[in-house]
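This document starts with one chain, in the form predicted on its own, laid out as structure tokens.
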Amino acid sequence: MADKVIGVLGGLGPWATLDFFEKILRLTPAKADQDHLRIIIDNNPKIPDRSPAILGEGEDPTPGLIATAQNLQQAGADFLVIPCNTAHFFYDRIVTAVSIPVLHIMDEVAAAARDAVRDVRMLGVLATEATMAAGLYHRACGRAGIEVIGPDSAGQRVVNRAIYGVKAGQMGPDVTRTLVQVSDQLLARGAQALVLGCTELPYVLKPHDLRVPLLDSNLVLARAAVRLATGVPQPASTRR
């Protein structure tokens, strides 16, 4: 059976899309160009910022999200992925605008958490203020019986600065240091693992920076996409 074509609703932002594409390539067991998956990427950074729209302060990105999703379907994608956590606030609107499946990043992370941490009960999530305010991870993980906690207001400001810093190309060790401090606060409150709930964050926080499992939502989504495209299960994260 032929592999399915992956459609990537990208540009939200471009660095996150680049990271997602590289992860797909590294997850694909290819020995030649022809062994790789067909991926159609619409890198559309002109879609308005999702966070201000959710917080009532910016332009609605729905028309751009829907147009880009429909463009990918018309181009031949068999299913869609959105390597942007905050954009999943608009997930239902995107799904109803296309006739192909759309993977849900929070649902995939919730499932991956059970593979990463035995008897997981609580996850710490680092994400945009809008993602946290909208309760996107709270709902998805709650359906799996997992509690979600986020940073306090000061910690959230640190995370926001890091996310928008990556968008501006700022990815130095000082950013990592501040994120580790915020993460340690979540661990002290009982988090058994940390979720990178924004697809910019893999550039500035790595598994070796923490003493607990780190669930990279972009990597989780990439694994799910390869699994769906090939029909071959992806290796689960090591339990701790």
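Note that residue numbering begins at 1 and tracks the sequence as displayed. Computed from a predicted model, the values in this text were never measured in an experiment.
What comes next is about the form predicted together with a further copy of the same chain, which is not displayed.
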Query - Triplet 138, 187 and 216 all within 4.5 Å of a further copy of the same chain in the predicted complex via a heavy atom - result: no
Report summary line: Among 178, 192, 62, 43, just one has a heavy atom within 4.5 Å of a further copy of the same chain in the predicted complex, namely 43
Report task. Have a look at 53, 210, 66, 37 for me and say which one sits with a heavy atom within 4.5 Å of a further copy of the same chain in the predicted complex. Result -> 37
Requested in this report: Would you please decide whether residue 47 lies within 4.5 angstroms of a further copy of the same chain in the predicted complex, comparing each non-hydrogen atom pair?
Outcome: yes
Query - Contact flag, residue 114 vs a further copy of the same chain in the predicted complex, heavy atom cut 4.5 Å - result: no
Query raised in the report: Do residue 154 and a further copy of the same chain share at least one heavy atom pair within 4.5 Å in the predicted complex?
Result: no
Requested in this report: Decide whether residue 231 counts as a contact residue for a further copy of the same chain in the predicted complex under a heavy atom distance cut-off of 4.5 Å.
Outcome: no
Query - Within 1-22, the residues that have a heavy atom no more than 4.5 Å from a further copy of the same chain in the predicted complex - result: 3, 11, 12, 13, 14, 15, 17, 18, 21, 22
